[in-house]
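In structure tokens, one chain follows: the form predicted on its own.
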């Protein structure tokens, strides 16, 4: 096993245990303890802790140790943290939190995209919507091809808004879409209305109809929210 693989393994082990509550808020770790538990070198243990610190999950202090921080201090938009949450008992909470965020943010992104998207972006949104309709209509909503097109559609919609804060949401949106697919939570036949809503958003953006784009996106996001809320966590 390479040092990179060892680092990834130790980080994933610690991150999952913190995210799922096995290492609760206030738990104190030490580098020597991590070395022993994970059979890792001091360098690997230290690097894993450094990454967890950047995510706000732990804090290191001399003569105290490495302390697990409250969940409220964690980087909620981190794709890595989203993956850990989706793999544990907080899966449903994570799915609902990101669905609620999308209901709030994506309609505004669609509104702005209708005002700011260039012709290339409009054409690509329409192509991706056509691709989704084709794949979904053939019962391939749980396929890698459908996932790729769905991720690309929402990534482009957020980017076309021209707002850097909305664009930054592309990473957590990608993480939750990929996570749902990996966990088998994406149905082969998309929920009724989903495919049409993608197409309506793409058409409204291309037509420069900001109000329609926002309205259609909000309808789509509420469909997603309702689907997630019915998911058996």
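In this text, all values refer to a predicted model and were calculated from it rather than measured experimentally. Positions refer to the first chain, counted from 1.
The form predicted together with the DNA exists for this protein as well; it is not shown, and the discussion that follows is about that form.
Asks: Spell out, yes or no, whether the shortest heavy atom distance between residue 65 and the DNA in the predicted complex is within 4.5 Å.
Replies: Answer yes; at least one heavy atom of residue 65 falls within 4.5 Å of the DNA in the predicted complex.
Asks: Could you confirm whether residue 32 comes within 4.5 Å of the DNA in the predicted complex, counting heavy atoms only?
Replies: So residue 32 counts as contacting the DNA.
Asks: Though only this chain appears here, would residue 46 touch the DNA in the predicted complex if you measure heavy atom gaps against 4.5 Å?
Replies: Judged by the heavy-atom cut-off of 4.5 Å, residue 46 is in contact with the DNA in the predicted complex.
Asks: With the cut-off set at 4.5 Å between non-hydrogen atoms, does residue 40 touch the DNA in the predicted complex?
Replies: Yes, contact at 4.5 Å.
Asks: Spell it out for me: taking the DNA in the predicted complex, does every residue among 126, 154 and 171 have a heavy atom no farther than 4.5 Å from it?
Replies: So, no: the whole triplet misses the DNA.
Asks: Specify the contacting stretch among 55 to 63, 173 to 181, 191 to 199, 160 to 168, defined as having any heavy atom within 4.5 Å of the DNA in the predicted complex.
Replies: Going by heavy atoms within 4.5 Å, the stretch is 55 to 63.
Asks: Which residues in 4 to 22 have a heavy atom within 4.5 Å of the DNA in the predicted complex?
Replies: If the 4.5 Å heavy-atom criterion is applied to the DNA in the predicted complex, 4 to 22 yields 5, 6, 7.
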